[in-house]
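Only one chain comes next, encoded as structure tokens, the form predicted alone.
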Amino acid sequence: MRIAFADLVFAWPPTGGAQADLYHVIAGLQNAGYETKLFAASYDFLWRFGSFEPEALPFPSMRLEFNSKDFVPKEIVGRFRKAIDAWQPDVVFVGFGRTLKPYLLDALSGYPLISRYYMYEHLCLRDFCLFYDGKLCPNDVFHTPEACRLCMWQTWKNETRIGRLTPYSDEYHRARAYAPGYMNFFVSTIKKVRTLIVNNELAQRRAQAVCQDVRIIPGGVELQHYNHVGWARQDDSARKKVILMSGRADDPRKGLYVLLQAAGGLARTRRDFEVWVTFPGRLKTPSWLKNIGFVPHREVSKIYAEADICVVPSVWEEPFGLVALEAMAAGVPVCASRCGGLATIVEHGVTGFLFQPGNSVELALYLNRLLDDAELRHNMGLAGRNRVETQYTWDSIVSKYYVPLMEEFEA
């Protein structure tokens, strides 16, 4: 069976979780005996994405070259369709693509289609976060298309009018997503998809309005990067315990302020901890706060090796929650908001604790309990590591979800 993978923003080394996810799915299915090939766009204007060397990948791939003038729907669909038709796949799997993705789905709709959504880009085209005015947005493309179109226009109209484009507004302009008929076109292309893959129940529930087969498939981790990381951690009572917040701590949706409020309360009664955050920039720091700055993904395991507790205080519906998974792989107990994918990754009371989003008092209580109990930290770390080993390695993700899915297409 031949499976073609089409992606508009693939990059390797990866610049985000979507690229890493697609890479491991392709490699895993190839290892499972399927014939796979990646077809991906390459460009060098405005974007952080769209760059890779085919010879650096462990599976066959084709790089489709574009420049700032020809990266438009007509050229994109023409080149992808020509290349994929020549290879004659049995199934086409379409990865990340944002506002230009519907054109690709439409052009490839003659094939059995699988479409993967990593954030909420099938529901919210403004910034793919489904988060507005500090809370979950009640609107989405399927149920309130005109409201969503106007929301996008209000967000990007000034950049579009004056021509000072960022990557998001540039693609918005190229896709003509401001046009009155775009939303209907967007929905019509998703209806052509046989299987739609998302990360959590919220994304699944809303998408079921237009697609009968919407599946939740989690991401995974490369467990070998975290082998023996946590077991070198010392439980010396004289050492200050490290509470780590990794990931994009500068993003307001990630809830750094919740952790700072919780730690500030703890600091009034105890001096045995430090909070480490990966904040790319200046940050006013009290004595108990250490900003370690941006950390390249290849260095992340070294930071988890020094952490005693990991906190993921997101205040939005986190689509998945990879940082929680990485911490668990490293044997670190996790305190995370009870929302989005985090609520299914962290097993409350076993691998860590879940608290209500934004509730710094509840978070402080769990941190206090973990700081007081080295045995609890150790046992939760072991349980987290075991959970990742049995459920979230890429081998297990591919064999549990993707191989059975492909067998259905073969039937």
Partner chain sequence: MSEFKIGVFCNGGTHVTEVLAAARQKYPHANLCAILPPSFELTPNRADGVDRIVRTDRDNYTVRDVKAGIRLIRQIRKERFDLFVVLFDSMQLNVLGGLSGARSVECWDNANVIHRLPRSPEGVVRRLLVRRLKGFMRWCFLELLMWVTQKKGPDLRRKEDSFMESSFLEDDPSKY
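Being a predicted model, the structure only gives us computed values, none of them experimental. Numbering follows the first chain given and starts at 1.
Below, we refer to the form predicted in complex with its partner chain, which is not included among the displayed structures.
In summary, the region of this chain contacting its partner chain in the model of the complex, judged by heavy atoms within 4.5 Å and restricted to 260-268, 131-139, 186-194, 325-333, corresponds to 131-139. Proximity to its partner chain in the model of the complex, defined as a heavy atom within 4.5 Å, singles out one entry of C211, V221, A305, V315, which is V315.
A single residue from the set A147, A83, V72, I216 has any heavy atom within 4.5 angstroms of its partner chain in the model of the complex; that residue is A147.
Among heavy atoms of R282, some come within 4.5 Å of its partner chain in the model of the complex. Contact annotation for W87: none of its heavy atoms lies within 4.5 Å of its partner chain in the model of the complex. Using a 4.5 angstroms threshold between heavy atoms, S61 stays clear of its partner chain in the model of the complex. In the model of the complex, its partner chain lies within 4.5 Å of some heavy atom of R205. Taking a 4.5 Å heavy atom cutoff to its partner chain in the model of the complex, the contacting residues in 335-367 are R338, C339, G340, H348, Q356, P357, N359, E362, Y366.
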